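Here you get one chain, nothing else, as structure tokens; it is the form predicted alone.
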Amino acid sequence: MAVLNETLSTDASQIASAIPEMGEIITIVLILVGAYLIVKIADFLLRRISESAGRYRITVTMVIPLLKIIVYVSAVYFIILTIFDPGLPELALFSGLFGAAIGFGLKDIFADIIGGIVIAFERPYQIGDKIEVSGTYGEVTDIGLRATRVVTPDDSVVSIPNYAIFQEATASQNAGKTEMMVTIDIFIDPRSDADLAMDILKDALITSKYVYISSTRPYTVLMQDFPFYRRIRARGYVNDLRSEFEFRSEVTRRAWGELIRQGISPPPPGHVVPNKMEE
């Protein structure tokens, strides 16, 4: 009985030592507030700097998620030092409580945090990239510890859990570059002059104010015949991926204006063209 009482007394002493005092609580709050302010200020400054960095805009913004992880992990480390002496018994007690917390409901949060770390270091996508994941397409505006925020073309903000990186295929349209390939399709009557239509679409593409052409960023214009229409496809790089839809709209509008003037018409009525073409 004496041994049992001694054991219970020791456990109670360990638990009591794990409960922070008022001074420690104030220190923890200050650490959390400080970490939050550091992240917010650094995020604001880096985004301002990235806007003036030209082609290095995305390279600058990729520092943001790394900074968040470093700051928040450092904050957790200092909080642990505040509550515990870094001895083996306290470390074992903390590990047990942490493991129990994960088992009882924090496993999804833990998976999100691990996913955030993987995204920060492996960089399958970065802030500023155009990505498609879980059926959502848009621009990455923030990579947090738990979720990635994506702004869709209709200006909706979608939060995608970071653990989706382990379960879903993720496509990055620009792979960290500011320029991005855009595919523009035009469908014309199968009896139309295909060579003339290709020249018109090419001219509209290469004279666009949004286009970016270089030896490593070429453009192509191709034609393919289908039973009831011809597809004229242009592929070119937009100089800033944020102008993707303006680029597509401008080239399409100018090309159709000239096609109509040259007597080239759309496919006959009653024949539906696909919304998304095969490669």
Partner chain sequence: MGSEPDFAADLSHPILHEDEWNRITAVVDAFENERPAHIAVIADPFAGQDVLMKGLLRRYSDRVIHLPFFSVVKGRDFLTQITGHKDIVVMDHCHFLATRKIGGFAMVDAFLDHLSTSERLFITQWNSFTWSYLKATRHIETFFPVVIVIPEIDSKTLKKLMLSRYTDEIEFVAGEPSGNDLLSTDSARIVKLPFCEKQYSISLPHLFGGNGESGKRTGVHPEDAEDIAFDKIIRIADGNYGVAERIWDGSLDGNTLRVAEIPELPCAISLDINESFLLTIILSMESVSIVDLAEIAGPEINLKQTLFRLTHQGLVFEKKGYFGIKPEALGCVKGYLKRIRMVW
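Positions refer to the first chain, counted from 1. If you're wondering where the values come from, they're calculated on a predicted model, not measured in any experiment.
Beyond what is shown, the protein has a form predicted together with the partner chain; the following relates to that form.
A.B. asks: Answer yes if any heavy atom of Q126 is within 4.5 Å of a heavy atom of the partner chain in the model of the complex; otherwise answer no.
C.D. replies: Q126 lies outside the contact set for the partner chain.
A.B. asks: Report whether the minimum heavy atom distance between I264 and the partner chain in the model of the complex is within 4.5 Å.
C.D. replies: No, I264 stays farther than 4.5 Å from the partner chain in the model of the complex.
A.B. asks: Does the partner chain get within 4.5 angstroms of any non-hydrogen atom of K40 in the model of the complex?
C.D. replies: K40: no, not in contact with the partner chain in the model of the complex.
A.B. asks: Taking the partner chain as it sits in the model of the complex, is E258 near enough to touch it, meaning that at least one heavy atom pair lies within 4.5 angstroms?
C.D. replies: E258 belongs to the contact set for the partner chain.
A.B. asks: 68 to 76, 154 to 162, 198 to 206, 133 to 141: which one contacts the partner chain in the model of the complex at 4.5 Å, heavy atom to heavy atom?
C.D. replies: Result of the contact check: 198 to 206.
A.B. asks: Quick one: in the model of the complex, does every one of S192, A234 and E244 get a heavy atom within 4.5 Å of the partner chain?
C.D. replies: Not one of the three qualifies.
A.B. asks: Only one of L222, I26, L32, I213 has a non-hydrogen atom within 4.5 angstroms of the partner chain in the model of the complex; which is it?
C.D. replies: Going through each option in turn, the one that passes is I213.
A.B. asks: Going by heavy atoms, what in 221 to 258 lies within 4.5 angstroms of the partner chain in the model of the complex?
C.D. replies: If the 4.5 Å heavy-atom criterion is applied to the partner chain in the model of the complex, 221 to 258 yields N239, E250, R253, R254, A255, E258.
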